[in-house]
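The form predicted alone is given below as one chain in structure tokens.
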Amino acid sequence: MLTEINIDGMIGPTHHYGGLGVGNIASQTHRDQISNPRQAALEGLAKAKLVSNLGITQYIWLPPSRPKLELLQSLGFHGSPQEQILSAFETAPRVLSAAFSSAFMWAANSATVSPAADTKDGCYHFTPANLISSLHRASEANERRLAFANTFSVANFHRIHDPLPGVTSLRDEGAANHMRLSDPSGEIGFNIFVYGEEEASQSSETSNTRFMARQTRLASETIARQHQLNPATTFFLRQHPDAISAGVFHNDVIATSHEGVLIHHELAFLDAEEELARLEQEFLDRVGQAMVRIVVSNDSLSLADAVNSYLFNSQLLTPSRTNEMDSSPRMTFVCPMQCHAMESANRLLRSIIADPKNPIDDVQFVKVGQSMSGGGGPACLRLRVPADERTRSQLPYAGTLNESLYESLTRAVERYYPENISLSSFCDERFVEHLNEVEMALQQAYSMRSYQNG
């Protein structure tokens, strides 16, 4: 029996709107606006707490250190840290923004994960995303590899791979472009890789997209081989160019899946019906029942509304039940508040909940406005790991969210996180020094959790 672990990347104290996201409409729209790191982190923690309250194991990764001075040094900025920062602000402000980026909070981009149930060698496989499409994110690959090593390396059945080579034909953005379907036990898995670029030589012009695609087919195929996935239950779908041009920079902005449910917009994929038909047949043959496929028409939710509401970037979850008589929802949609405010999205959600042919019978709305303005909804903030008992039992205690850790992290955020910042805030030497205090406070919250367990 596999149960889902959600790993959230905690939003850092340098959360700001740098507008660096390639093809990300929200990121570009809010570029250089004032951000509120304190509010952002509190929203993220509250969302994670809601998931934990549903009975789902929720893990928290602390923010890695910022600024990335090694990035500034590698790009030719010299002198003391303060001199490097001031010089970058004056001559290359986007580079400075990248050095202070808090985009690591979107953990869905951290890796592609395959559970042992899906792999030929019976091991868990983790491939950290190389994220080479964006200057501000590419250096996260090594940070996240270390995070996986610290979280999962205690067992010999975990395989943590290096990120794919940093070349354009192997652009990889992790689980944001990967979906998994399964039977109710999670043991029979079906892996769906979604890519935006078919050939390595394609550009945005030749692929008829307004923005560069962030995932290549070669990268997806490489990971599938690396993870030793069964070709019969592995599927490759191409993103629709119209969706990429509308701001669908990752598949999780236009499609989502959970257990036997696949929800996608009618313009999510290009020429995919044959592969989707193969998926439906394989699911029926191996599971013994039909998968639930919900196709959202452009008339009921336009591409623009899908991008603005982030409806498909909601978290689809199965709450735990205490006993057979428990009347808890079969599946719950955790949606951004924007889905409640937008009539087309709200109407669509109501129709999904009311349909007895699918197991989704509840929706909960969360405030993640600070993340949304940067270009990431609830599902962007988490990585899903379908975990067996071996993996669940060896998950480090310190980062597993409960009331104690939630309160400790919340207190640290309320006391130490800045309220409002802009790019110029990073030029204040006192601000940079204060970041060390924030990091120590968060680490102390973790260590207190470990001490309490001991």
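Note that residue numbering begins at 1 and tracks the sequence as displayed. Everything numeric in this text was worked out from a predicted model, so none of it was measured.
From this point on, the text means the form predicted together with a small molecule, which you will not see here.
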Query raised in the report: Do Ser52 and the small molecule come within 4.5 Å of each other in the predicted complex, heavy atoms counted?
Result: no
Query raised in the report: Does the small molecule come within 4.5 Å of any heavy atom of Cys380 in the predicted complex?
Result: yes
Query raised in the report: Gly21 near the small molecule in the predicted complex, any heavy atom under 4.5 Å?
Result: yes
Report task. May I ask you to check whether Ser27 falls inside a 4.5 Å heavy atom distance of the small molecule in the predicted complex? Result -> yes
Requested in this report: Report yes if all three of Ala103, Asn109 and Arg214 come within 4.5 Å of the small molecule in the predicted complex by some heavy atom, otherwise no.
Outcome: yes
Query raised in the report: So which stretch, 183 to 191, 372 to 380, 222 to 230, 157 to 165, is the one near the small molecule in the predicted complex (non-hydrogen atoms, 4.5 Å)?
Result: 372 to 380
Requested in this report: Answer with one of Val368, Ala88, Ala345, Ala176: the residue that has a non-hydrogen atom within 4.5 Å of the small molecule in the predicted complex.
Outcome: Ala176
Query raised in the report: Of these, His125, Arg145, Arg137, His258, which has a heavy atom no more than 4.5 Å from the small molecule in the predicted complex?
Result: Arg137
